[in-house]
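Presented below, as structure tokens, is a lone chain in the form predicted alone.
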């Protein structure tokens, strides 16, 4: 089956430079037959990056992508606390650059009004919006979104292509939180490869709203692929989850940019 990985990072990967780390990611991906990888955030992260910081991180991703246009896509990392700088960065990296999506992490919860301008601009550019989400029994980080926050964001932006990162961490709650928002897909990456997550997501949302991601280098390709390959779902569903759904979401912006998918 063709495999496209929604969720990859330079952090946690061996290498002194973005180029070295990207080469390692590709080498690891080749072992598992992964055709494409989406990459976001730089070699060193920060929870609440200032504009200079997220621009630096995006520059690192741009450098990592520069030799791998046939294997990798980039999502621009921005901070809703700095709306104007984030919009400028979105234009620099997506409108005027090769990136195809937006990464939102933990600086502001997805239900915050500051996020709206970023999602509106992303939608104008046909970019996919990936919003990290988690439900932690120890309490979320300040500004960290729950899947309920993602559902609130999606309700305000019915035309946006939104992905709920990590299926909310607590995936049994996460799939139900976003179920009513039919334009929200869920990312399987990042958690332990426990039995049932893929089956639950397919049952509650339909296979068309479930996407494979690894969260490499925080997690391994193999452990996260196991969630899909070992799932008790139809082969056609696995094909959608492993590549078909992400290809469909990215098709509008790839076509607009003249990029191959």
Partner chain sequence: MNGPLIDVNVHLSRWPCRRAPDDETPRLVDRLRRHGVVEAWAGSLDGLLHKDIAAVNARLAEECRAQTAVRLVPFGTVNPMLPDWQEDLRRCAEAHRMPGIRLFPNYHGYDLEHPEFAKLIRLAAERRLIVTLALLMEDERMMHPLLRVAPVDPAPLADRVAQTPGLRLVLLNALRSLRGAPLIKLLGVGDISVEIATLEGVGGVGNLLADIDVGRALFGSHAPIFYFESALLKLKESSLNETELSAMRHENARRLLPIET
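Please read all numbers here as calculations on a predicted model, not as lab measurements. Residue numbers count along the first chain shown, from 1.
The same protein also exists as the form predicted together with its partner chain; that form is not shown, yet it is the one meant from here on.
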property: Every residue of 53, 79 and 108 near its partner chain in the model of the complex, heavy atom within 4.5 Å; result: no
property: Segment assignment from 171-179, 146-154, 79-87, 92-100: heavy atom within 4.5 Å of its partner chain in the model of the complex; result: 171-179
property: 4.5 Å heavy atom contact, residue 225 to its partner chain in the model of the complex; result: yes
property: In the model of the complex, residue 219 touching its partner chain (heavy atom, 4.5 Å); result: yes
property: 4.5 Å heavy atom contact, residue 72 and its partner chain in the model of the complex; result: no
property: In the model of the complex, residue 193 touching its partner chain (heavy atom, 4.5 Å); result: yes
property: Its partner chain in the model of the complex - contacting residues of 124-151, heavy atom within 4.5 Å; result: 134, 135, 136, 137, 138
